[in-house]
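Form predicted alone, single chain, as structure tokens, below.
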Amino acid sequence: MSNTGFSFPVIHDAIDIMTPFLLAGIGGLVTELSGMLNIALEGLILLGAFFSVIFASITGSLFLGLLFGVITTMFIAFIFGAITIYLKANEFITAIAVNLLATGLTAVISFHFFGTKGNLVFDNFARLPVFDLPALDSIPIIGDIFLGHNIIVYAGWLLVFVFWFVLYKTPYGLRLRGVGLNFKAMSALGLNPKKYRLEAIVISGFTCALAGASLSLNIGAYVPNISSGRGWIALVVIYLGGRTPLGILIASFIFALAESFSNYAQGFINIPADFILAFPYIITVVALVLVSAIKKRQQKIS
């Protein structure tokens, strides 16, 4: 951008930071509405980040890297869903297995093919292009906040509308939500509820792969544990956002704003750095307590 510096750096960075929360949250929402709590979001993000950067380095193309990274993550999500739904494995244990698999598999592949269990940095690796419009650059607020982000950030905003439309304005979305509300009733209507749940898990693999790619392709490298708990925070975002796409968008921004503030606060607030770095997670715990308290209050009133 032509500006020498952003007038709203905390907000501008928060928009970048919110993208993994938003994308993983949308995928988790789909599985939630189908009647399953997907706690494998963390592992799926990690897999998306890893395979996207690996395939991008192999093919020399960010697009192909992203494409194959998404396909690979969706395939692993498909296996996870099939084991859970059709083989009737416990969904929580299987999801934890996915999270553990993601950590172990990335380390094994990194060591076997690249000789390291640490950071994977590739020479001449192009980062995700940044979207910028000189005509809008000088407009206050718009130029400072909404421009200068990579394509996955804008794709995340678009997917909010797409999933809202699919979930609430199409027969498919109605059936998917119906499976979550009453599994047996949907089966009695001649539908296949298991198929809808499996598709929901695969969809979460798609959005989590994008979330992971937004982390690794944006820096042109893979760092172990690059997801850093974002999948778990995405679960909180789903409930804090009222289990709606728009609510998830708002909740994601709130958490991202807390993380962005903690990054900037280290330079001018004279308190222990560990506390500042823990600020986003403190917000997560507080949000969980508030959501739980509000739900209990609503139950008492009703």
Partner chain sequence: MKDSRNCSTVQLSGVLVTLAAAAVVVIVSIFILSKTPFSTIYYFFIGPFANKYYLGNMLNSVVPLIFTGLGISFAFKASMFNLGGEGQVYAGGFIAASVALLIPSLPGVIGIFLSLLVAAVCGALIAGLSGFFKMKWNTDELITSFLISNALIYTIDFFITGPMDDPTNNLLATRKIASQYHLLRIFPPSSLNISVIIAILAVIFSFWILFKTNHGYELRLSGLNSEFARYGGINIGKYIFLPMLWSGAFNALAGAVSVLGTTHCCIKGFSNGVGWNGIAVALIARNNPAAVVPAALFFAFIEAGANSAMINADVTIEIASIVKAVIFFLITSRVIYNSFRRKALV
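Numbering follows the first chain given and starts at 1. Computed from a predicted model, the values in this text were never measured in an experiment.
The form predicted in complex with the partner chain exists for this protein as well; it is not shown, and the discussion that follows is about that form.
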Interface residue in the predicted bound form among I219, A97, V223, A155, criterion: non-hydrogen atom within 4.5 angstroms of the partner chain = A97
With the partner left out of view, is K88 within 4.5 angstroms of the partner chain in the predicted bound form by any non-hydrogen atom?
-> yes
Contact flag, F146 vs the partner chain in the predicted bound form, heavy atom cut 4.5 Å = no
Applying a 4.5 Å heavy atom distance criterion, does F92 contact the partner chain in the predicted bound form?
-> yes
Taking heavy atoms and a 4.5 Å cut-off, does A126 contact the partner chain in the predicted bound form?
-> no
Note: the partner chain not shown here; in the predicted bound form, the stretch from 197-205, 155-163, 111-119, 211-219 having heavy atoms within 4.5 Å of it is 111-119
Along 234-262, which positions have a non-hydrogen atom within 4.5 Å of the partner chain in the predicted bound form?
-> L235, V236, Y239
